[in-house]
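Following this are structure 1 and structure 2, which are two forms of one protein chain, each written alone as structure tokens.
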Structure 1
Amino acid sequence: MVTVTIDGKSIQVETGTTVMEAARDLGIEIPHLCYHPELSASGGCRLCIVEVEGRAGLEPSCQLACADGQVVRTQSKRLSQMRREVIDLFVSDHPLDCVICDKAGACLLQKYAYEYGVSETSYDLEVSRSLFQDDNPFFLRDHKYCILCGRCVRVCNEVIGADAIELAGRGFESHVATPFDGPMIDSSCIFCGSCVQVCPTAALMPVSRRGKGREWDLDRIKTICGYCGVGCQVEYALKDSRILYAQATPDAPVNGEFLCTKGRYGWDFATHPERLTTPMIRRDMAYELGLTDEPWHLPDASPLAVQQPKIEDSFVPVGWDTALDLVAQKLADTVKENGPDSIMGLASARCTNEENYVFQKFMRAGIGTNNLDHCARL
């Protein structure tokens, strides 16, 4: 353990902890672009520089290990001046399109440009990358906004293990690329969107939100992913009750900032036109009940053999009251005739605890059978 003092506050940390990390533990935010708490430090952007007492030079805090007795300052005139210069350089190669940018309000470069009062570059604006790639329905790659922080490359390698992208080329040529700059689908990308999640700028953006709303206009609701059993927490960003995109937040207990492709991009099923919206009774039973005039028989062909089965062909829509009453009546008739064990109930691994509880209570306390299963085994 070592003790350091940062901006007048002392803290004891494990040997090997960086000044950046120690500062975060103290609740002190040091400006940073390439650093991300879940990734290795790369020391590329130099925005996180700090002053260390007794040393002349400035050190990037994301790579500086804490030493016992060290005294660190994260704010000073000199540091502000240096940081302004760093930002100035970044915006000389990054169009300040903030007025039309979807990322505005969540962009780190914009945030620091604002904090350090950099409204335009003092150099000649020269955007060295112009590639725009919209080769997949998950995310867009707009290289003119890329600041080469390398977060995307690191997350893909260090956390996802996909190694789909790398920093290719040198100098003005350098950019984030798939092998041979090919489309994402031909790379080893698994479309988890983690690169989009950690990108500090608008260089990587979800397709689904393009031009649909500004950050500050969005509502945010956190819930749990409905797909697999990992139980990732997902935060949905909505406008006018429509989902624009999904992301994860660092405080998610299971997954932190990470999701898989299903959790991050697979939410549009909910508004698919084939959603069931009204109770329905099959035509032959509806006919028996006098709800339709046309007799009908269930075709022998398996529903699996039919290309695009249309539910309206075999069912008539009815009100809730009719449907619920029919179900209750039929179940009651069956039990009266054949006993409770002639009923089988299937609960669901996709329904909530509350729903499964009520379901099994109905089967047991209502009907009186333990013929009750779900696809835990399947």
Structure 2
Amino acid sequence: MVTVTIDGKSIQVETGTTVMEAARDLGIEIPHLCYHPELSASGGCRLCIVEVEGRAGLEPSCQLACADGQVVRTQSKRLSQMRREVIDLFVSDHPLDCVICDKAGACLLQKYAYEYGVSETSYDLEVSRSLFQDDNPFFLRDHKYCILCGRCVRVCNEVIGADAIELAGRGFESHVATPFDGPMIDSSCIFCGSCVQVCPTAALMPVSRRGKGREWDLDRIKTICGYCGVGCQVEYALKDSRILYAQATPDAPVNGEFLCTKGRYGWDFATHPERLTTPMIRRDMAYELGLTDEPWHLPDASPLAVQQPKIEDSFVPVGWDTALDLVAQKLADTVKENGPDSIMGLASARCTNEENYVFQKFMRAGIGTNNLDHCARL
């Protein structure tokens, strides 16, 4: 263990802990763009520089190991001037169109430009990367917003292991590229969206997110992904009660900031136009219950043989109370006549873990049967 003092606060940390990590443990934020706690430190953006007592130069805190007795300052007039200069260099090659940018309110470059008072560049503005790639149904790649922090490259290599992208070119021609700059579908990308999760700017954005509002316009709801039994936490961003995109959160106990392809992009069924949003009763049963005046009989041909069948041809919409009363009565009659094992329950992988727990509890304790399965093969 070593003891280090940061901005007058002392802390004991394990040998090998960086100043950035120690500062985070103390609740001290050091500005950063290329640093991410789940990835290796690159030290590329130089925004996290700090002053170390006894050293003349400035050190990147993401790569600086704590030493016993070390005294560090994260804020000073000198540091502010240097960070302002770094941000000035970034915005000299970055569009200053925050007023119309979808990432406004969640962009780290915008955040630090505001904090350090950089409203425009003092250099000649020249956006060297203009490539816009909309080559897959999941996310957009808008290179003019890229700051070459390398987060996307490192997460693809270190966390996912896909190695689908890499930094290519030199100088103003540098950019994040797939092999031979080909379409993303032709690379080894598995479309997990982890690169989108860690991108600090609008260079990587969900397709479903584009043009749907600012970050402060969106509501957030956390839940548990229902696709498997791992129990990953997922946060949905909603506008007008419709899901725009899904992401993970740093405090998620199981998965941290990462999700698989299904967890991040497999939510479109919730807003699919063919999704049933009200209970439906077959027309012959609705006629028997007096819910419709039109008699109806099952057709000789199976409904499954009909191309693009219309649900209203065979079913009538009813209220929830009517549907639940009918199901309860039919289940009770069946159990009374044939016993509980004459009933079998099939749970849905589209439901949450909590909903499926309640369903199996109802089947086992309420109905009294263990005839239960789950369609978790999506």
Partner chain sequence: MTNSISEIRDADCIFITGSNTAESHPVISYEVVRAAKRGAHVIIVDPRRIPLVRQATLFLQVKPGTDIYVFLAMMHTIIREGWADEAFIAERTEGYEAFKAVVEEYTPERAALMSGVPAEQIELAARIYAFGERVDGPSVYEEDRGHSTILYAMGITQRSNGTDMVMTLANLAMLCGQVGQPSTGVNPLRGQANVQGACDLGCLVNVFPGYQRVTDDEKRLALAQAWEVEELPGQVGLTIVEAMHAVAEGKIRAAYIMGENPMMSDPNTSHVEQALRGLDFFVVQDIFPSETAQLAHVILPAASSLEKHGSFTNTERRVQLIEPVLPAPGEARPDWQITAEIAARYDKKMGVDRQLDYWRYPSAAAIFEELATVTPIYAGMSVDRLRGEGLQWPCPDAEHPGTSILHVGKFSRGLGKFNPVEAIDPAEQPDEEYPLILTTGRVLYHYHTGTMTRRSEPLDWIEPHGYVEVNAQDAAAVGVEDDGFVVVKSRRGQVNTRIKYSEGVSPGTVFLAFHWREAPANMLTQDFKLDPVAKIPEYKVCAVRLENPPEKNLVSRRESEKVR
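C-alpha atoms forming the largest set that superposes within 1.5 Å between two forms make up the rigid core. Predicted, not measured: the structure shown is a model, and the values here were computed from it. Start at 1 and count along the sequence of structure 1; that gives the residue numbers used here.
J.: Does structure 1 or structure 2 depict the form predicted on its own?
T.: It is the second structure (the form predicted on its own) rather than the first.
J.: Kindly check if G213 and L291 were placed in the same rigid part between structures 1 and 2?
T.: They occupy separate rigid parts, so that G213 and L291 shift as distinct bodies between structures 1 and 2.
J.: Please work out, using C-alpha superpositions, how far the smaller rigid part turns between structures 1 and 2, and give the answer in whole degrees.
T.: About the hinge, the smaller body moves through 16 degrees.
J.: Aligning on the rigid core, what is the distance the CA of T369 moves between structures 1 and 2, in angstrom?
T.: It moves 4.8 Å at the C-alpha.
J.: What is the C-alpha shift for L276 between structures 1 and 2, rigid core superposed, to one decimal in Å?
T.: Its C-alpha position differs by 3.2 Å.
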